[in-house]
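Only one chain comes next, encoded as structure tokens, the form predicted on its own.
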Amino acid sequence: MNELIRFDQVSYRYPGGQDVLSDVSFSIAQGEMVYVTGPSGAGKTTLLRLIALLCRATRGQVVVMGQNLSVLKPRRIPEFRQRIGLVFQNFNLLYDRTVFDNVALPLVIRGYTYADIGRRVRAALDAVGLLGKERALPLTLSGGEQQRVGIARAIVTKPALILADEPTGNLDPEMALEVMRGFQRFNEAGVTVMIATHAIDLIEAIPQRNIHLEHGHVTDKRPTAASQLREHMHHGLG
């Protein structure tokens, strides 16, 4: 299989702080679906941010889709990011725009024609089961539907890679499972998917490869239900 992502002894340190990630090494093949797990502060979000070049490694090499990110010039970053779909926990939707406009945004920015935008947006909404909602405003939708709008926006550009940061963190268990099944379907269609999550029940329901972080290191330990309970308390979701 083609290697899509490689971390080679990667460390990331906030200016003036300690390492959030230290000496992290792994590779992910094209077409894999991978969970990134670990307690709060273990570096899950930072790991995804490094892949999307929202921050740069302090030490080590990050190679994504054949690009060595440590030497990628700033003017090339937007073009690089076009092949990545990002999904956030807090949806990041524009609440004064319709569902259609929210999903269309990445295509508008890239200068697609009106007809192309319409076709692609409808296909993306269809893929997340929201075809009838294109004229709705996000605030009229449930949390699970809003998250699916965010996912439609991430996949509308047909990315090679989806990065999702706690995409089910604000959802009830049933909606959360539905969203995870959606990611599984995209993965079955050939998209590489990386999901940072502490939802152990979902990981057990849809087993995939797991990269587990503790104190900024990749470890062979696995998340447990007990640690998940602590996480929920920590996040105030318990």
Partner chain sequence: MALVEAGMERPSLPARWAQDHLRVLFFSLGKIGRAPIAAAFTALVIGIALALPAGLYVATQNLADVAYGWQSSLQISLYLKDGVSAERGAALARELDALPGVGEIDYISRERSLKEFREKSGFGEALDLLDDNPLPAVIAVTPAPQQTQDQIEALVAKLAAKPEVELAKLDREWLDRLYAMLAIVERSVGILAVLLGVAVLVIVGNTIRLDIESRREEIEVMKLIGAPDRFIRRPFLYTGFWYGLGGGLLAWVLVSVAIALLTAPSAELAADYDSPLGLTGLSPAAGLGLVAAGIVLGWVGALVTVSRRLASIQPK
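Positions refer to the first chain, counted from 1. Keep in mind the model is a prediction, meaning the values are calculated, not measured.
Here the subject shifts to the form predicted in complex with its partner chain, a form of this protein not shown in this document.
Remark: none of the three candidate residues (129, 147 and 203) comes within 4.5 Å of its partner chain in the model of the complex, counting heavy atoms only. Mapping the unseen interface onto this chain, residue 124 counts among the residues with a heavy atom inside 4.5 Å of its partner chain in the model of the complex. Mapping the unseen interface onto this chain, residue 159 counts among the residues with a heavy atom inside 4.5 Å of its partner chain in the model of the complex.
The closest heavy atom approach of residue 212 to its partner chain in the model of the complex falls outside 4.5 Å. Using a 4.5 angstroms threshold between heavy atoms, residue 59 stays clear of its partner chain in the model of the complex. The stretch that touches its partner chain in the model of the complex, counting heavy atoms within 4.5 Å, is 189 to 197, out of 35 to 43, 203 to 211, 189 to 197, 63 to 71.
Annotation for 104 to 128: interface residues with its partner chain in the model of the complex are 105, 106, 108, 109, 110, 111, 112, 113, 114, 116, 120, 123, 124, 127 [heavy atom within 4.5 Å].
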